[in-house]
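Only one chain is given next, in structure tokens, and it is the form predicted alone.
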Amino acid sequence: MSNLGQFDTDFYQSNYTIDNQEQSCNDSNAYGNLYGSGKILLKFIFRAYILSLFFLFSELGINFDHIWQKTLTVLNPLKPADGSIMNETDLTGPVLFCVALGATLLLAGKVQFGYVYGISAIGCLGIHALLNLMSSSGVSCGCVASVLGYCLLPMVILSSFAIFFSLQDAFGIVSALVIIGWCSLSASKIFISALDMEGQQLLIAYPCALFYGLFALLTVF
């Protein structure tokens, strides 16, 4: 009898263990199915979000391909500018670069956001008036602001160096002069390409150099 009772006890215990294993297996399968469904749902939501952003940017007139092409044109002053792309009122890049310049100056210990925005606005109005006097076709104020804003990118690079190094020495002055020449050369190249003003690049580069020189003073001193 003792053997029979021991057999019954082992039998019921073995059945209980098998039931537990089946239950845990079912739970793991259910969790795996739920996890897989969650991943699919997250992928769908992410794709829908990206697609909605794409349509939103398209409605706002933001073309990332044109922004990238303009940025490359500024970074390479010797690259010919595409006048059809440059003659657009695109302020996404300029606003971004102005904020980046103010932010890098802030990291360097200089709170100059007001000066950055003020100089940008006054400089755009002045160069806009000058270009309308020099060009027969005329140019919009938005186009001038777009070109001058994109060509502010090298100045952002200079202000980034000012975070880690002091520019109030001979190397800093030379670097500032190089950056001023870089900005003004890129801006004048884009203006003569967009406005068909061949042979007048130096005349346009001079006021642009004065404009970017003010930002260089903010960055160095």
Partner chain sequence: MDPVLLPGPQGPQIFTPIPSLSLASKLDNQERSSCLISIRPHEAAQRAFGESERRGYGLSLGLRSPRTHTGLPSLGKGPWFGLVLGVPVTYSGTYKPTGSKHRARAAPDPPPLFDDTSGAYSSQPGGYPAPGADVTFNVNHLLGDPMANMAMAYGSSIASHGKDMVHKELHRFVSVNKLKYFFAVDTAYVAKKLGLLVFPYTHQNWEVQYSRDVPLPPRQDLNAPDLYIPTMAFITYVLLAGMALGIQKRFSPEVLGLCASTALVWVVIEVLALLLGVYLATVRSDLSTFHLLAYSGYKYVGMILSVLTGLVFGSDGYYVAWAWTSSALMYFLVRSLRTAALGPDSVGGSAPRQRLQLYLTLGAAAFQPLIIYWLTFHLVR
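Keep in mind it's a predicted model, so treat the numbers as computed, not measured. Positions refer to the first chain, counted from 1.
Below, we refer to the form predicted together with the partner chain, which is not included among the displayed structures.
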| query | Any chance L133, L203 and P207 all have a heavy atom within 4.5 Å of the partner chain in the model of the complex? | reply | yes
| request: State yes or no: in the model of the complex, is some non-hydrogen atom of Y115 no more than 4.5 angstroms from a non-hydrogen atom of the partner chain? | output: yes
| Would L214 count as touching the partner chain in the model of the complex under a 4.5 Å heavy atom rule? | yes
| remark: With a 4.5 Å heavy atom cut-off to the partner chain in the model of the complex, the contacting stretch among 134 to 142, 90 to 98, 147 to 155, 103 to 111 is 134 to 142
